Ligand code: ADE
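One chain is shown next in structure tokens, namely the form predicted alone.
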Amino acid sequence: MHLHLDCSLSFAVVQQINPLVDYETYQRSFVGPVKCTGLADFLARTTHGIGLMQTKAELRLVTLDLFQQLKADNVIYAEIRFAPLLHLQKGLTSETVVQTVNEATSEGMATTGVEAGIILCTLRHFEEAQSMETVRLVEQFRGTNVVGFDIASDEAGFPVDQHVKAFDFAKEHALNITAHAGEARGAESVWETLRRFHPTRIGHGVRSMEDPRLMEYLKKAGIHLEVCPTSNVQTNVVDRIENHPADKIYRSGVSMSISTDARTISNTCLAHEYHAMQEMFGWEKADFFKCNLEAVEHAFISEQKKATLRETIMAAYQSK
């Protein structure tokens, strides 16, 4: 449910695009340390992947590479997000960027059997016009693999004001909305995001635990939290994985699911995230099953596709 395309380049695809990058350089430049100094330090590491995603050929290779990773990770559905306006350095238009990733997503689904949707992101430091350009792309590509609109990047460093118009547009046009919040800032960031952007999902949102009233609201309103444990430890939202609030959020009854965020920067996969929840909090099959069903319920897909995914998940859990 929460997966960044430009933060998930494997060594194989990096070397395919730029053979001069050896494994040591890849580990140093593309993979973050176990502990960054904070979210801003973490985000600074995205530039290496973005730099290799500036042509149609590069965008296609990176997208197809991610599908191979997802297949190896036994993922059956993913929502892949990225900011189209970050990929214009070599002359592509934002429309061409989205079209390229959209077509590569269709190709990836056909070759791997992994189903996926695309979420287009604006960024906190963008101007209003850039957010409007991004949300209009979501509307333009409605009915393709593009399924939703998001805002990402440093919530602590930039206000929401210049993005309200874009989210109003999304709401007026009945576009699916998720938004990063409750990561670099506390519960007040989640409240602000809910009031100004009207999302049905929150990316991360783990600091909602700081406000019991907010937790009750999330539960009552059916807001889904896209929780990424390893990423939150890496960005110092949480000091250690055993202190991560994911289990408390889950036990509170707030809808949530477990995701990877940035597979490469965090050196993780979904299996690793699940193992951490099992090892640290004693999660059992029923807990993962519930979170999987919550993810399906809040996925930006049709009811027909949700029904198919539920059947697949139920059959898999019953067979184990």
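None of these values were measured; they are calculated from a predicted model. Don't overthink the numbering: it's just position in the shown sequence, from 1.
Keep in mind that the form predicted in complex with this ligand is not shown, yet the notes after this line are about it.
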Consider the chain as shown here, without its partner, and state which of Thr100, Gln162, Ser153, Asn176 has a heavy atom within 4.5 Å of this ligand in the predicted complex.
Ser153
Listed residue (His244, His180, His224, His87) with a non-hydrogen atom within 4.5 angstroms of this ligand in the predicted complex:
His180
Output flag, Tyr77, Arg201 and Leu293 jointly within 4.5 Å of this ligand in the predicted complex, heavy atom basis:
no
With a cut-off of 4.5 Å between heavy atoms, is Phe42 one of the residues that contacts this ligand in the predicted complex?
yes
In the predicted complex, does Ser231 come within 4.5 Å of this ligand, counting heavy atoms only?
yes
Interface membership of Cys7, this ligand in the predicted complex, 4.5 Å heavy atom rule
yes
Residue contact check: Asp261 to this ligand in the predicted complex, 4.5 Å heavy atom
yes
Heavy atom contact within 4.5 Å of this ligand in the predicted complex, the stretch among 42 to 50, 285 to 293, 66 to 74, 272 to 280
42 to 50
Given a 4.5 Å distance limit between heavy atoms, list every residue of 106 to 135 close to this ligand in the predicted complex, or none if there are none.
none
